[in-house]
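Given next, in structure tokens, is a single chain: the form predicted alone.
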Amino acid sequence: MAAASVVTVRGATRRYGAIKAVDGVDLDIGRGELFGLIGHNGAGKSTLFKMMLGLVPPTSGEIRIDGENVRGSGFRAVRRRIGYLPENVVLYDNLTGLETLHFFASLKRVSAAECRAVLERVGLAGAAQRRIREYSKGMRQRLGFAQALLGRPQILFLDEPTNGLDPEAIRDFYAILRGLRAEGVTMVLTSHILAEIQERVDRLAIMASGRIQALGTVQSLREGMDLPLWFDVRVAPEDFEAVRAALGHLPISAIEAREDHVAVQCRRESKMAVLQALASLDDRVLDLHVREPSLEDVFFGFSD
């Protein structure tokens, strides 16, 4: 269990007729944590999001945010400390960016004076007076993020938040999240772009068929799956056989010569032995790179 849990989910289930969209989920998310939720389409991520926001009631089980049951009267006050970016942002085309934020500020009972600063934070200050119909998809997404930031929320739920953003905007988005995390803001996000989040989230959960199949840091999930490692060893072509000979006594899964390097696959427990064997080749090893299993490898291992 995460320390100082802000989100607590116990046995949460959501049925739609005979279908269990969410099936007995238990989850704890700590204060100031950047938590990822990943899974195939239909895995139950968005339904669980809506349940944690109090938008969809659980059929059974309990969900508490900051200690308050999402079905209780006290959750109304907690909601004012929550920001939410839905997967599909719907905005009014005839309003300007600034007018849009003023509209959301009035709904949230937040001072309109915040709006320009929030637009500046997401990189839209120069487009504040432009109509939404002139905004690109990425600009609309950033404006959606801006409305989620209104009121300085202490908890953020971000559903596919980088949808439509270019690489620079994605970098800026995660820079904002790092700043928020430093301020103690708790963030839960979903993403289909696994390479984008694998080095950025503190922990994550993999969902499939409405259930959490795996939970932990990316590294702990890698180790739990016991997926093989790859070594890319750059050597001169005349030294390929020397690499084979140095590794010949070890339990290597695969060894392949590829142009100017040798690719070696082994189990995790053989990692240090392989490194020691390669070190014995001294300056014949021109470069070395160890490739850990990617989050995508882990994801497919748990969700298939």
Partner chain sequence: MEIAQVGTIAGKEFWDRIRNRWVLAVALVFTVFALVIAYFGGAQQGTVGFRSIEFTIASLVSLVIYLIPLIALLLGFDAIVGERERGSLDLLLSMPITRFELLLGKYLGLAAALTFSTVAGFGLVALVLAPQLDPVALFHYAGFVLSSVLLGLAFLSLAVMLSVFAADRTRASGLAIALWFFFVLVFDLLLLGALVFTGGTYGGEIFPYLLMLNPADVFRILNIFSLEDVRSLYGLATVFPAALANPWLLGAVMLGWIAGPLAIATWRFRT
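Since we're looking at a predicted model, the values are computed, not measured. Numbering follows the first chain given and starts at 1.
This next part talks about the form predicted together with its partner chain, which is not shown.
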statement: Here the chain appears without its partner; judged in the predicted complex, the stretch of 226 to 234, 120 to 128, 87 to 95, 192 to 200 with heavy atoms within 4.5 Å of its partner chain is 87 to 95
message: I'd like to know if residue 111 sits close to its partner chain in the predicted complex, meaning any non-hydrogen atom pair within 4.5 angstroms.
response: no
- prompt: So, in the predicted complex, is residue 147 in contact with its partner chain at a 4.5 angstroms heavy atom limit?
  reply: yes
- prompt: Taking heavy atoms only, is residue 106 within 4.5 angstroms of its partner chain in the predicted complex?
  reply: yes
field: Contact of residue 172 with its partner chain in the predicted complex (heavy atom, 4.5 Å)
entry: no
message: Residues 244, 261 and 297 are flagged as a possible site; in the predicted complex, is every one of them within 4.5 Å of its partner chain by some non-hydrogen atom?
response: no
- line: its partner chain in the predicted complex has a heavy atom of only one listed residue within 4.5 Å, and of 181, 152, 116, 79 that residue is 79
field: in the predicted complex, the one of 250, 55, 275, 257 near its partner chain [non-hydrogen atom within 4.5 angstroms]
entry: 55
